[in-house]
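One chain is shown next in structure tokens, namely the form predicted on its own.
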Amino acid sequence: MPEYVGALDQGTTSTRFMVFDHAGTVVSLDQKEHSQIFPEPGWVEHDPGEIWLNTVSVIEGALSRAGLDPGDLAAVGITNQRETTVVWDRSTGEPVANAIVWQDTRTAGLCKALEAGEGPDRFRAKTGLPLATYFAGPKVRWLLDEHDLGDRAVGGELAFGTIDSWVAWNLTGGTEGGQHVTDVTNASRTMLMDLATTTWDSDLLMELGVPTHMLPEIVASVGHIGSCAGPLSGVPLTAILGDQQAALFGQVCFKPGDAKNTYGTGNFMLMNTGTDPVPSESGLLSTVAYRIDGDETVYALEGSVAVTGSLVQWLRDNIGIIAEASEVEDLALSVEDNGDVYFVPAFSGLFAPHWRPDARGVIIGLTRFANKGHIARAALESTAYQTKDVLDAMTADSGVNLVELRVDGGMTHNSLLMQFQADLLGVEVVRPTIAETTALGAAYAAGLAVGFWSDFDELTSRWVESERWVPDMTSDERTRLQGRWRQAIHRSLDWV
């Protein structure tokens, strides 16, 4: 058997390809950013063609750097930014428009209309999701209406998919026989799939106005999906997982009650709930964690936060108080505390547990004493506060009190943030040796499908702790800070 496994990680801001050996060590990687397109306030788009060109580039780059050929890979897995929606022409392979990104809020009016007087939970019992701009179903409906594509979609000329579908279709041949597929984790984010049966639901499709003929086939997350063409010619495609589910897999959270939090563009906390979906009464999402071909579907509870790492980018690009994202920690450390300044970054509304697309970003508590250090610190602390809100909801829904939280993603290298997170949660925060577990999860899943790794026990044995942060805050101080944060949240919700 070949000695390596590949993972294609198509994220919100960049695409990368990573090659792992049997020890789970990164042998090679290449990465390329793509453009963020903001046509109107609240609108966020990506160019699918640019993403595919970057995909080819990073695959070729990573293989070249390690002196490898496609034949050196036992398998490849895909992980992707979820909910981002693409519609393309099956015969030409060309997208009909830019992809609508998961952060985009243009479908707020459509979501409100779909409530039909029943409220945002109209479809929650069947999908596990509230009606919100976050999900792919309303996005594809908007594209069909805006570009008058209904007849072409009904006639089977068009294909719809989240980014995994777009990449998999191109990677397996595109117009020359590419496979139009999505896995159960990504399908569970469309608002078109019945969570219990993991099949497309005809009633949901009718309500959202999405024709059956444009849908991908739903496949298992782990199993033989197809054979690659082009830059990975002949390599088996054996895994597809949405990015947060891939991180859960990479953190080896295989038992009910295991949880992880990923600190990226946004924050995403998932808890494995086993083979039964757990309905949320606290504003969380019931979603699919993964399914191995031939086994039962495994579910998760999820709390999604729209703006965390991207807030640091905003401080850099929009406000200019830092020149590089890496400078934010030193700037925050230039002050002793937040100076009673709180930052609610509701740039795309508020996701879990509030689900208020009309919420707006606010900075409150400013006085002449406040400086850019306080704003930087408040920005970092907002990530911890939003995570605390999600964990409280998760505890209420699951009945599980975590003793530690496994964390990953780029922001986990910010020790100030991680210590404040542990203090605010009152539980230990633990980062593994490989903090970027999303690609690792896709690699683990792909390798598991072909016997490159034998079972969950072998994968679990490879998880190694890198750093641990222990709470060091009094309960009275924790309560005081949380009260101030709630005041800030109310200001955000009361803006409109």
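Counting begins at 1, following the sequence as shown. What you see is a predicted model, and the numbers here were worked out from it, not measured in a lab.
Although it is not shown, the form predicted in complex with a small molecule is what the next lines describe.
Put simply, Leu380 is close to the small molecule in the predicted complex: some heavy atom of it is within 4.5 Å.
Shown alone here, Val252 lies farther than 4.5 Å from the small molecule in the predicted complex, counting heavy atoms only. Contact check for Ser280: no non-hydrogen atom falls within 4.5 Å of the small molecule in the predicted complex. Contact between Ile292 and the small molecule in the predicted complex is not found at the 4.5 Å heavy atom cutoff. Thr265 is the sole member of Thr387, Thr172, Thr273, Thr265 with a non-hydrogen atom lying within 4.5 angstroms of the small molecule in the predicted complex. Of the residues Gly410, Gly373, Gly93, Gly426, just one reaches the small molecule in the predicted complex with a heavy atom at 4.5 Å or closer; this is Gly410. Heavy atoms within 4.5 Å of the small molecule in the predicted complex belong, among the stretches 481-489, 8-16, 21-29, 468-476, to residues of 8-16.
Here the marked residues Gly309, Ala325 and Val328 all reach the small molecule in the predicted complex, each with a heavy atom within 4.5 angstroms.
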